[in-house]
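Given next, in structure tokens, is a single chain: the form predicted on its own.
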Amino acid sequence: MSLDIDFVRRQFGQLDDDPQFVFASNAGGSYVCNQVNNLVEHYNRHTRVQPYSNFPSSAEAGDAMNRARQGWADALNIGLSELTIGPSTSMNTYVMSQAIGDLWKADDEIIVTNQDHEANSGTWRRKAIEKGMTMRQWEVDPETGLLDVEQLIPLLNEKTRWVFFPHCSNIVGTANPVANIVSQIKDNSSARVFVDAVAYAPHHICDLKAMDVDGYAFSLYKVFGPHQGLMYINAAIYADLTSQAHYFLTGDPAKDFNPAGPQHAQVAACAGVLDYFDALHAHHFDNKGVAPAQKMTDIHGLILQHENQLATPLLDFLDQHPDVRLVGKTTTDDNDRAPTIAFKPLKQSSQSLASKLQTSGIGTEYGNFYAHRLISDLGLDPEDGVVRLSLLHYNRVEDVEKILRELDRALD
């Protein structure tokens, strides 16, 4: 079975704005599916009141928020009390650095990587420095940008409290084998594990219990939804965390790690992403009696096949071009290469090349994409950075063909 791309594209009204334009900056923020836009509009038109009172519009508002929260807990295979919906992943990780780091001591240690977006690196580093702790860095290969779990094991010891790493780099584009890494960490230490999935979730919504992570976060505005961040924190470790809520709200799982409080309409609209996934699943499979987490697995198979088809010709072209340095894996053979493709033009600036592509109707960008440490450690200028082409499953083969034509012209 293959993905019905025409059905997919009908779910995203913004794709109709300019049919000739190729949007290739999805890693910075995806288009929003129609189901989300419909929920936002309905909430603001009919239920824009303080939720959870007994009068009709307030009760409906609360029900809409509850539907989103329970739906995402089910899709991620986690308990409702383990889900936090906050303003963004950057804000969620900052709040968690206070909740987690409050109990750290000077002789504790953490492990971070230089592959991360700064949201899953800087916040933990600052807290470790504040506490006078030892911080160890799991280094990427300076040529490929990839992480090797064999390089991680020697960094672990009895003092390691947490390990922080990305599910997928927003530059390297290759998924790290989270379940295997977590297993290795827990076999060799008592450390907890927090994973940033911002660059991976647009391609696959995972079963979090199956991966045995202690914390996991991603941003829904990169997964066809509103500007919200979803975060899982394993309830088994709540006793080791400090609530960040107002003192009289401490102990409420929905508020402990979201001191700003919920953005009501945006939270309710999070359910629209699941409505889209339900429609996508129903169009391709028999929906009856299928658990939400299984739907995500089924959909992933379709998306993976299509996204591999998009990424392969781009990777082939860039890998073989003499005037380009491609970052990350050069093929999709291992089924772990997202169509988030970063490269450095060798005979012109990244800014210059990105500008040429933009002028020709390719929506791409250049820079360090908040992975400043990674770009620097790859030996590249973090200000000019790389050109990044990031596609999602609503992109077409025709989009890739246009990108290749314009790339060939712009690199000549």
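Values in this document were obtained by computation on a predicted structure and should not be read as measured data. When you see a residue number, it is the position in the sequence shown, counting from 1.
Another form, the form predicted together with a small molecule, is not on view; read the next lines as being about it.
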Would you mind picking the one in Arg192, His306, His203, Lys222 that has a heavy atom within 4.5 Å of the small molecule in the predicted bound form? Lys222
Selected contact from Gln244, Asn77, Asn234, Ser88, since only one has a non-hydrogen atom within 4.5 angstroms of the small molecule in the predicted bound form: Ser88
Given a 4.5 Å cut-off on heavy atoms, tell me which of 151-159, 327-335, 88-96, 258-266 is the interface stretch with the small molecule in the predicted bound form. 88-96
Is there a heavy atom of Ala199 no more than 4.5 Å from a heavy atom of the small molecule in the predicted bound form? yes
For His117, is any heavy atom within 4.5 Å of the small molecule in the predicted bound form, or not? yes
Look up in the predicted bound form whether Asn176 has a non-hydrogen atom within 4.5 angstroms of the small molecule, and give yes or no. no
Thr123, heavy atom within 4.5 angstroms of the small molecule in the predicted bound form: no
